[in-house]
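Take a look at this single chain, the form predicted on its own, given in structure tokens.
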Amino acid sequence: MTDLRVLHTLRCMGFTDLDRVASVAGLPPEETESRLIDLAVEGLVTRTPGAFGGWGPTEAGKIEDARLVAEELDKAGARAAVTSAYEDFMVLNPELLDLSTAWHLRTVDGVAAANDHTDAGYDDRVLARFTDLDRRVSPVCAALAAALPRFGSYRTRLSTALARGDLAESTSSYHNVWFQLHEDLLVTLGIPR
């Protein structure tokens, strides 16, 4: 039986290292590695060695993941609830993109420049807008988790990133977790990117 938990986590993350897959899947690294090896034997994931190496889904893995999540969605009778939450999420998505841009770039005297984060007032205003967005996405995350429990980790991961002030810099930033949630919704509903 294919391991949906690890396969789907990797599918939503793309190409990444073992520790990130383990963290997001909520499993110990040793168990995650064992599951990834089993998936590799099935031809569903591949590992690239080296300093910049990691794990990624194969095309067969993406197809199998799509089949498994469609089966999960239908078995749970959750298509309508997930579709409704997706529509609510998409209303918020452009704002997240604008906020991520505002965190990285700012306009000074009519000229766009990299935000060097030396203006605490500006950064505080952007952070306040992220906090407001986070408050509004919370019910979306709750609806998703009620429909399919595997969506439950996104609320925690978004809140943790916001509490750290990690809005768009790292692989576990608010923006990256949001992207993974968006990818998860697309895959779950069978919507092409």
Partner chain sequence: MSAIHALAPGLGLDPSVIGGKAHGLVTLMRLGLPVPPGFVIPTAACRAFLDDGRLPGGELAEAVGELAAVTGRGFGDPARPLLVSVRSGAAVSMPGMMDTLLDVDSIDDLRAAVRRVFASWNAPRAVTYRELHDIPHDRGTAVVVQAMVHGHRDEHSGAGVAFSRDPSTGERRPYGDVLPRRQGDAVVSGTVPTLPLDTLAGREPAVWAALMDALDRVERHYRDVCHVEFTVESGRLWLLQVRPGGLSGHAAVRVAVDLVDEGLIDRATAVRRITPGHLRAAAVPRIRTAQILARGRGAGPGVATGRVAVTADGAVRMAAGGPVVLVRPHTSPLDLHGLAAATGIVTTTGGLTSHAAVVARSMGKPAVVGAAAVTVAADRIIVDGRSHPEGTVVTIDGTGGEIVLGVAETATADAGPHLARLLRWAAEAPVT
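Residue numbers count along the first chain shown, from 1. Note that the structure is predicted; figures quoted are calculated from it, not measured. Heads up, when I say rigid core I mean the largest set of C-alphas that superpose within 1.5 Å between the two forms.
Although it is not shown, the form predicted together with its partner chain is what the next lines describe.
- Only one of the listed residues (Ala145, Leu162, Ala168, Leu68) places a non-hydrogen atom within 4.5 angstroms of its partner chain in the predicted complex, and that residue is Ala168.
- By the 4.5 Å heavy atom rule, the three marked residues Ala22, Ile37 and Val137 all fail to count as contacting its partner chain in the predicted complex.
- Mapping the unseen interface onto this chain, His117 falls outside it, with no heavy atom inside 4.5 Å of its partner chain in the predicted complex.
- Not displayed here, its partner chain is kept clear of Arg47 by more than 4.5 Å at the level of heavy atoms in the predicted complex.
- With a 4.5 Å cutoff on heavy atoms, Asp74 does not count as touching its partner chain in the predicted complex; it lies far away.
- Its partner chain in the predicted complex comes within 4.5 Å of a heavy atom belonging to Val111.
- Heavy atoms closer than or equal to 4.5 Å to its partner chain in the predicted complex belong, across 117-146, to the residues Tyr122, Arg125, Val126, Arg129, Arg136, ordered by sequence position.
- A movement of the C-alpha atom of Ala51 reaching 2 angstroms or beyond is seen between the shown form and the other one when the two forms are aligned on their rigid core.
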